[in-house]
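Laid out below as structure tokens are two forms of one and the same protein chain, each shown alone and named structure 1 and structure 2.
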Structure 1
């Protein structure tokens, strides 16, 4: 029994931990190098700006900002995490109140109350996206910072909004980094 166990372990190690990952990596790297290497977004000089799938912290008023993040010190892409705070947690209530106050101060012209998504931390802390309503809410601030008409900011967000997958899966959303890249491209002079 022991001999068979040892031999089976060795055989399955070769199959599952050598042949299998080597084949997958080989094919993925040749056929799908973009995604296999992390869907990296590069500047014109080739420097890596980020990944289209990984959220980033944006602080300037001229950029669209993502959700609060509990990953490391915020959007630490090597330390993914949610807040893991429950609804009865005082820590959560305090954090929400602080975030809300800060957002209201930064967005004096924003329409209506702060969207729920901008007050809640995502599960990964790396959520790269926002629902369109939470992005449009920030449009007046971005427009003011960039000195352009708010309708043009809204147009950028609308254009980059994607619907539910196959029409019914998940939620409509817009990628924060994609919006910010588009903003810099179209309104480069002002930020």
Structure 2
């Protein structure tokens, strides 16, 4: 009886820990190689500079900034999580107010109030995308830092806005890293 149990355990170990993962990985590499390898974004020299699926912190005024991150110390992919603070939490209210004050100070020429998604972290804390309105709200600051007309920054954001999947799923969005790379190519920041 023990011998049969050990054979079954060994067989399931090989199937579940070796064969199945190798099969799924092989199918993914053939069907969706870019996605299977992490949707990595590379610089012109081939160096990996990020992933189109994981948000990053951009602090320079010449860059589009993403949503706040509650993942670890901020944008830590190894500690992906939300803040777990409830809507009635004073700590959450204080954090939101501080974020809003900082954004208003950094974006004095921005039109209207701060878009809500620039004040709240996503569930993973690693959201790489913004709604177009949140990106366009930051355009005056980016234009001033790069010394170009704000219409040119808005044009880049509009060009890189992705519509709803299949025409009806989700919301229009813009990838923060893609916009920042396009800005660097078209309007290099003064160093």
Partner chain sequence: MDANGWFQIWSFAAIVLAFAFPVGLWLHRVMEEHDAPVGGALRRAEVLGYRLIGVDPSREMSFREYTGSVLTFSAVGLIFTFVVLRFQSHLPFNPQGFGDLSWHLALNTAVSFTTNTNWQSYAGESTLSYFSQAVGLVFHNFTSAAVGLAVAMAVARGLTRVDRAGTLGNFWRDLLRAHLYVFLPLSFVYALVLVTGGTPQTWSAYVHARTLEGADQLLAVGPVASQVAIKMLGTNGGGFFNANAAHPFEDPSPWINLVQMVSIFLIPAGLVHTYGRMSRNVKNGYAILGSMFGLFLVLTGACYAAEAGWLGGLGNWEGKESRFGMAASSLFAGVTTSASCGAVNGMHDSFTPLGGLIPAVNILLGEVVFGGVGAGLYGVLVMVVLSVFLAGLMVGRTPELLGKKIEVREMTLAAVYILVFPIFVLIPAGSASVADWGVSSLNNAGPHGWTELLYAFTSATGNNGSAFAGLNANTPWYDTLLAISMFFGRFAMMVPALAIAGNLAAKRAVAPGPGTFPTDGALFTGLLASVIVIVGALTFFPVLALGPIAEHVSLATRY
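As the structure is a prediction and not an experimental result, all values here were calculated from the model. Positions refer to the first chain, counted from 1. In this text, rigid core is short for the largest set of C-alphas that superpose within 1.5 Å between two forms.
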Please match the form predicted together with its partner chain to structure 1 or structure 2. 1
CA of residue 29, rigid core aligned, shift of 2 Å or more between structures 1 and 2: yes
Residue 11: CA shift of at least 2 Å between structures 1 and 2 after core fit? yes
